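This document starts with one chain, in the form predicted on its own, laid out as structure tokens.
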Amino acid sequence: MTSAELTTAPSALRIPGPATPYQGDIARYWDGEARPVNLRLGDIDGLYHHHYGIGEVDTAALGDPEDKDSEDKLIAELHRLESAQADVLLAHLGDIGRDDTLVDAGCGRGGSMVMAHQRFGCSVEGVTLSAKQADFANGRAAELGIDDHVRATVCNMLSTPFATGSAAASWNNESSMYVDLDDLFAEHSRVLRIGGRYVTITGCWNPRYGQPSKWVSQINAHFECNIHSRREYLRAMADHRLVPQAVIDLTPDTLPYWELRATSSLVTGIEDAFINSYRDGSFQYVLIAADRV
């Protein structure tokens, strides 16, 4: 099934909740988003991501740039790097059992949820403000026959319907820049059981640079978000009983993805801002894994 066919999937569960004009704007943004850089990559194997990639580019897989199928090979390589990023996040969730429940805050079209279920055999609950994304994710889960374990709900990640202490682990994969971090980590801390693991992979501006650079401002404007500093993440986690166990700088690992993407037909115009900000040190790509205490 292709991305176009999946848009006709059954409707997602919708949970009424507090909403602000900004949240409404974000919902409309992602309801209307249909960039080939997200959809064409997902069509390769049915894993539709809304994050970026990490790892070295497999130049052998790219083949000869003059070949007629060179662009398809490049797109497949970009998608491989995206899925590698999700694998790294999932590997930091800790010891997850088949009876556990995970929460994907800002689940997009559900690629990471599918990968989490395939990896652990557990249940995965995703939340998104976008009804279109949730319908898509639920349609994909139904096609795979895992809709009894994988589900997307339309609600605010700051106020989820999940019981206190019900999640073994939770994560944000490039979605935390849309919310206030104190509110976000208060909700993750509530949902996680004691000893549960929270993981985020995110872009953040580097306090050592002084202030958000012009490149970071361009990224904020492009995605209608508000990128936080790494210092803000660590401070807000500490305030909400989330104790970091690992802080990993993935910036060198994500640059190859961006440099490859900038040569593809799927460019969106934001590639230079990412590349330049990663190179000048004003922007960082980090993984933070923290335990609920």
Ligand SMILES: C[S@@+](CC[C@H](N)C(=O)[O-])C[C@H]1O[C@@H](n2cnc3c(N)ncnc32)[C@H](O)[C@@H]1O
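So that there is no doubt, residue numbering starts at 1 and follows the sequence shown. No experiment lies behind these values; they were computed from the predicted model shown.
Just so you know, the form predicted in complex with the named molecule exists too; it's not on screen, but the next bit is about it.
**Q** Whether residue 23 contacts the named molecule in the predicted complex should be assessed with a 4.5 Å heavy atom distance threshold; does it?
**A** Residue-level check for residue 23: yes, a contact with the named molecule.
**Q** Tell me, yes or no, whether residue 174 is in contact with the named molecule in the predicted complex, where a contact means a heavy atom of each within 4.5 Å.
**A** So residue 174 counts as contacting the named molecule.
**Q** If we define contact as a non-hydrogen atom of the residue within 4.5 angstroms of the partner, is residue 129 a contact of the named molecule in the predicted complex?
**A** Yes, residue 129 sits close enough to the named molecule in the predicted complex that at least one of its heavy atoms falls within 4.5 Å.
**Q** Just checking whether residue 157 would be counted as a contact of the named molecule in the predicted complex - the rule being heavy atoms within 4.5 angstroms.
**A** Yes, residue 157 sits close enough to the named molecule in the predicted complex that at least one of its heavy atoms falls within 4.5 Å.
**Q** Exactly one residue in 178, 162, 120, 215 has a non-hydrogen atom within 4.5 Å of the named molecule in the predicted complex; which is it?
**A** Checking each option against the named molecule in the predicted complex, the one that comes within 4.5 Å is 178.
**Q** Though the named molecule is not shown, can you say which of 51, 240, 230, 40 has a heavy atom within 4.5 Å of it in the predicted complex?
**A** It is 51 that has a heavy atom within 4.5 Å of the partner.
**Q** All three of 170, 196 and 200 touching the named molecule in the predicted complex at 4.5 Å, heavy atom to heavy atom?
**A** No, the candidate spot makes no contact with the named molecule.
**Q** Which one of these stretches, 141-149, 90-98, 162-170, 104-112, sits within 4.5 Å of the named molecule in the predicted complex when only heavy atoms are counted?
**A** In the other structure, the partner sits against 104-112.
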